[in-house]
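A single chain, nothing else alongside it, follows as structure tokens in the form predicted on its own.
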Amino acid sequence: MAKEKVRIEDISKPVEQLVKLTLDDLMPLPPPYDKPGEEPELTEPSPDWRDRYVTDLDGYIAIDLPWKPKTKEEEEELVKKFLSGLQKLLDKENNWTFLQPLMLSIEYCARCQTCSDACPIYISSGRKEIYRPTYRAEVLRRIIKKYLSPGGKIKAKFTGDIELNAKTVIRLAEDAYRCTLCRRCTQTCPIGVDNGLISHEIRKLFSQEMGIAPKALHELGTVQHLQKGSSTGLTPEGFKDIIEFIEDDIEEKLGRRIKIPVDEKGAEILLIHNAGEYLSWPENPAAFAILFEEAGISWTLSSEQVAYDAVNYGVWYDDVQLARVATKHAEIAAKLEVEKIVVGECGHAHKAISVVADRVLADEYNIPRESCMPILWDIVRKKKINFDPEKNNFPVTLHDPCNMVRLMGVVEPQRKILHELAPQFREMTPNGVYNYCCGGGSGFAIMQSMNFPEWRNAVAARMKFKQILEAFQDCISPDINKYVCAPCSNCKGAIRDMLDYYNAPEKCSIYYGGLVELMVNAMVDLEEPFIEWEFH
């Protein structure tokens, strides 16, 4: 299509691709990426993909299922199933979890577009209409008004018409995966309309009623989590082997062995990590073990299937799957007779079990759930461990995980720790509850299908990369090592891929890691640095 403004009703147009992105469209980046040729070119989708997958929105594929209808009959059946699922989404018995806030957001949007300037994806894309927070919401709103409301087809001619066909359905599904659910739009809305929730509910409709969801979230995510024990595929036996490896690694770095408590009944805390930490960043659970041991905290891990992985991908796309995982976490905590569950450095796990699970965990399952951040600050505040901040005397900035900070209000503990233990700590702009998403939220960080990682790195993560570069502009030279503190496994994955995509470790010596690694690195009793300046 030509570079014309896409309208709401264009989503049903019989064109091959609604929008085409180019580098010229995208938001400019600060030095050293302000010159032509400093970032990778965007690629065209493979012709083979167009036949099997949905590339009809912007050429990128989030839903990696061959679900594109081939015949007129298949198109009609798709539309029929969509409308049936939409009716269930609007029914209190079928959607008691989120129906009220969904309907309030459907009914009361003033179309003022205040939310648009808050959306990092919309701004980073060069203000493409299909990424505007209200675009997919307005598509859904018009479908509901026209096809599921009395006299809707007549009223639509005056209030906003839309044609519901196969193009509309498949593009709406993909467009629901062009939002990281960061809720920055909701925070900005003068009346609290939640376009992020609308994106979530669209995903839920496709998953629960039509069996359509990215493999990374469903088949390899929640299904594998429940069947094998972790969304990573890590089994209980594999988990125990990794714990032994971590104990060996701690002994090598600390000079003495720490026995990591596993399956100990009656501990105060059941600590649950994102299992990705064990496989990609074992130094993070190792740092937790060192800090908790040194501070004399009563805690345990669980080796029982599901309980050693805090992730709950259902929070992004499917209420049923969320409830299954959350209930399993609560059951195992009760079996261990712990006082509370504490979530490690994983933002979406914070939200899933601490906030959303409140809707499904009741009675004996309603065990206290907390963030690790206040506990970590308590260690520093009460001087339970001797720290030397000079060990962290290098530039550090802080990324705020959306689900932990904006959605839960856990804002200050991590900042207070960095102010105490990192002499060159500097904030991003904006920061705290106004900070931007890493670009990997709502499952994007683990979605590696076809060309989707390119869109995530070039568009969804672009604002975060801009923030990081701006925070380090006074020391952007590759001769100075710089640390992005990202206290969230999902965010670390997105930042890792983003830095790699832009070759930032080599060009700018920008590295990343969690908060607890910085804390252990500053311990007086640690002879060798805990942080290794290697990109991984």
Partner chain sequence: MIWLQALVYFSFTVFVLVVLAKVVKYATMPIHLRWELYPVPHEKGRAEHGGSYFEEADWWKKPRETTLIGELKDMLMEMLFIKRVFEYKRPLWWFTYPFHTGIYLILVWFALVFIGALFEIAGFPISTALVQQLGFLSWLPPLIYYLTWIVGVLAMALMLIFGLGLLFRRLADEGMRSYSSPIDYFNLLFIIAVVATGVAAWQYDSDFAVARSFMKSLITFSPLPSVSGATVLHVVLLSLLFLYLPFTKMTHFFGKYFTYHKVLWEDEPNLRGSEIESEIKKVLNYRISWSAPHMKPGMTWADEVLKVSPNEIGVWKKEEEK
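Numbering follows the first chain given and starts at 1. Since the model is a prediction, treat every value here as computed from it, not as a measurement.
Below, we turn to the form predicted in complex with the partner chain, even though it does not appear here.
Asks: For a quick test of understanding: in the predicted bound form, does each of 129, 160 and 411 have a heavy atom within 4.5 Å of the partner chain?
Replies: Yes, because 129, 160 and 411 each have a heavy atom that approaches the partner chain to within 4.5 Å in the predicted bound form.
Asks: If we take heavy atoms and a 4.5 Å cut-off, which stretch out of 336-344, 234-242, 446-454, 253-261 is in contact with the partner chain in the predicted bound form?
Replies: Of the stretches listed, the one contacting the partner is 336-344.
Asks: Which of these residues, 178, 171, 218, 273, gets a heavy atom within 4.5 Å of the partner chain in the predicted bound form?
Replies: Selected residue: 218.
Asks: Name the residue from 293, 319, 75, 247 that puts a heavy atom within 4.5 Å of the partner chain in the predicted bound form.
Replies: The option sitting close enough to the partner is 319.
Asks: Does residue 110 make contact with the partner chain in the predicted bound form, using a 4.5 Å heavy atom cut-off?
Replies: Within the cut-off, so yes.
Asks: With the cut-off set at 4.5 Å between non-hydrogen atoms, does residue 197 touch the partner chain in the predicted bound form?
Replies: Judged by the heavy-atom cut-off of 4.5 Å, residue 197 is in contact with the partner chain in the predicted bound form.
Asks: Do residue 378 and the partner chain share at least one heavy atom pair within 4.5 Å in the predicted bound form?
Replies: Judged by the heavy-atom cut-off of 4.5 Å, residue 378 is in contact with the partner chain in the predicted bound form.
Asks: Going by a heavy atom distance of 4.5 Å, is residue 8 a contact of the partner chain in the predicted bound form?
Replies: Contact check for residue 8: yes, within 4.5 Å of the partner chain in the predicted bound form.
Asks: Does any residue in 192-220 get within 4.5 Å of the partner chain in the predicted bound form, counting heavy atoms only, and if so which ones?
Replies: If the 4.5 Å heavy-atom criterion is applied to the partner chain in the predicted bound form, 192-220 yields 192, 194, 197, 200, 205, 207, 208, 209, 210, 211, 212, 218, 219.
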